[in-house]
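Here's a solo chain for you in structure tokens, the form predicted alone.
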């Protein structure tokens, strides 16, 4: 039998070591929170083959949110429930300058989904994505070019609040908001995503490759076909590139027809 003094010393050493570990973890958690990191990656657990595995990968990290403030969003079974779960979101610094959260609009079971960067001034004021000049051009692409109604497709952005002066979203802002986009994709289950513009394309594809090299080529987004193309705002400044976007859109129409056959 070990002497009691030795046992007490070992227990004190264990407590001291445990205290150090807790303090270290607390400092790490504080740093994550300060940096705006609200999700921890989970090791993917295969639930089976096909779509279930794709959904698991798509939502990886959301269920295991360290701060547990996205639990309702993760469990949402409809876009309406997801919007309610987001509430008066203050998960990143963009909340203080917004007028409205710009959630998304369109057919909740659309075969085609458009994803942009984030809301601008008009979108912030109206609470709907793509309603300004660039939005009118996107509407023309959908209605006049593709032959759909705007309400036939689903339209969303990577982030839901307008960045100051329409600057690019910062990494911590994307970290806080992108899981909501992933959940939107999971709920809509589109057959095809059209990613609009450099920021949306590079965010979704986790790529730094220039959009000039990415556009017009099919990519995979968690089992969903993704077509990168230029943002309508870019086309307003560079109307000569509209023909390139039209080529991309024709490819999308062709693929939609093939997938629906």
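Numbering follows the first chain given and starts at 1. Treat the numbers as computed from the prediction; the structure is a model and nothing was measured.
The next section is about a form of this same protein that is not shown, the form predicted together with a small molecule.
Student: Looking at 73-81, 172-180, 123-131, 104-112, which lies within 4.5 angstroms of the small molecule in the predicted complex, counting heavy atoms?
Tutor: Heavy atoms within 4.5 Å of the small molecule in the predicted complex occur in 123-131.
Student: So in the predicted complex, is the small molecule close enough to residue 157 to count as touching (4.5 Å, heavy atoms)?
Tutor: Yes, contact at 4.5 Å.
Student: Do residue 186 and the small molecule come within 4.5 Å of each other in the predicted complex, heavy atoms counted?
Tutor: No, residue 186 stays farther than 4.5 Å from the small molecule in the predicted complex.
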